[in-house]
Structures are given as C-alpha cells and as structure tokens.
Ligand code: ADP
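Have a look below at one chain only, the form predicted alone, in structure tokens format.
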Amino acid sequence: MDKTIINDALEFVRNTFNDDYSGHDYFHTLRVYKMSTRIAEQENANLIIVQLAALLHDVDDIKLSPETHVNKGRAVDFLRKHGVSEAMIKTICNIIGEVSFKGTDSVTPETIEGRCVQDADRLDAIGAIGIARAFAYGGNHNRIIHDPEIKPDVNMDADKYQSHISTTINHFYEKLFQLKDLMNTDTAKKISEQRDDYMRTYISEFLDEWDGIR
C-alpha cells in the first residue's frame, strides 16, 4: 500500500499545483518530500507518516484553499479514499498544521515526524532555492524587490505576519534569516549551515550592488 499511496499522492499534488508560479509549486512539494525522507531516515522517524505529511503539507494552504484550510479537507479526503486510518489521518493533519512559519507564534512540532517535515519545508526556504523562491513569490504577489526606506519587522505574531506586506529583501530578515536557528533535528541543523551562509552572502552582495559599492 505504501508505494501505491505515495505514487497517488505525487500525482495528486502535481495536479493541485500545476498552475502555481509563486514558489509553492509541485517541485517545492517534491523537494520537501525528498528532504523529509532523508531527515526521517537519519532521525528514525515513521517514514510513511513523514512522507504523506510532506506531500500533502500545502494542499490546504490558506492562500491556495482557504475554504479547506482549517479542516484540512483536501488532505483528509485524499487519505480517506486510500483507506488510511482515522488515527493516522489525525496525526498527519496535526503535522500539517504545525509546519508553517508563523512569526513569533511558530510552534515546535510535538512528534519527531512533525519535526522532520517542518525542517524539510524550512530548508527549502533557504539557500539558493530559497533565494529563487523568495523572488518568485514576491513577483507573483506584485511586491517590490527593495526599498531602503521600508524597514523589516522581525517580531510579528501570526496574524500580523499573515497580513503583512513588505519587500522581498525584507522577507529575508523577517523570516528566512531566522530559520537556521529554528531547525529541530541534528540532520537539518547541519544542512542549514551552508544554506544560511550562502543566502547571507548573496544579500550582502545585493545590498553592495544596490548602493553602488560593487
């Protein structure tokens, strides 16, 4: 059953995110799935729970499907159609609900499986891929790249973070530069070091070029 449901989940998310150009596309989910599997194998987590939660973690995202966001309707329907037990569905939905960055209201997942998925999702937000996704999201939402007069707000709660509109460069300070220190697992902490360094080097170069120093 494991192989069949994973293959079906891959097809489900491919169809769900077929027209997404904001950085939350099918390939984002695929990378989170692969990375969460890698972390789970190192951290001795339950692999099938991690993989299903990773594959379904964005299908009920509030920006994509606000009507199913609270009850995780799309994820629940998919899992029930594949005969997953109600207990496992609850576990997977709990993990999905814990994944997102919510400013100062961000939570540490209760289970090792949740921590694996959250780490994988956060790793995909930093490094070279994270830089590309940040600018893709900003452009998709008509955000300006940078304005030195608009200062970043680094202490937002969940409500303010959700409604906040800023520049793409500020997003690095408001979220991305914080993620390395929020990793849960030893595996993710090691991976995040290089990605965080690369990202900070890029932003330093960006700001130097913006100011005409380079």
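Each residue number is its position in the shown sequence, starting from 1. No experiment lies behind these values; they were computed from the predicted model shown.
Another form, the form predicted together with the named molecule, is not on view; read the next lines as being about it.
- Residues Gly127, Thr185 and Asp197 are none of them found to lie within 4.5 Å of the named molecule in the predicted bound form, as judged by heavy atom distances.
- The named molecule in the predicted bound form comes within 4.5 Å of no heavy atom belonging to Val76.
- The named molecule is not shown here, and in the predicted bound form it never comes within 4.5 Å of any heavy atom of Lys180.
- When contacts are judged by a 4.5 Å heavy atom cut-off, Gln42 does not count as touching the named molecule in the predicted bound form.
- Taking non-hydrogen atoms only, Gly138 approaches the named molecule to within 4.5 angstroms in the predicted bound form.
- Here the chain stands alone, but in the predicted bound form its contact with the named molecule, taken as any heavy atom within 4.5 Å, falls in 56-64 among 56-64, 185-193, 42-50, 145-153.
- Residues Tyr161, Thr168, His171, Lys175, Leu176 are the members of 157-180 with a non-hydrogen atom no more than 4.5 angstroms from the named molecule in the predicted bound form.
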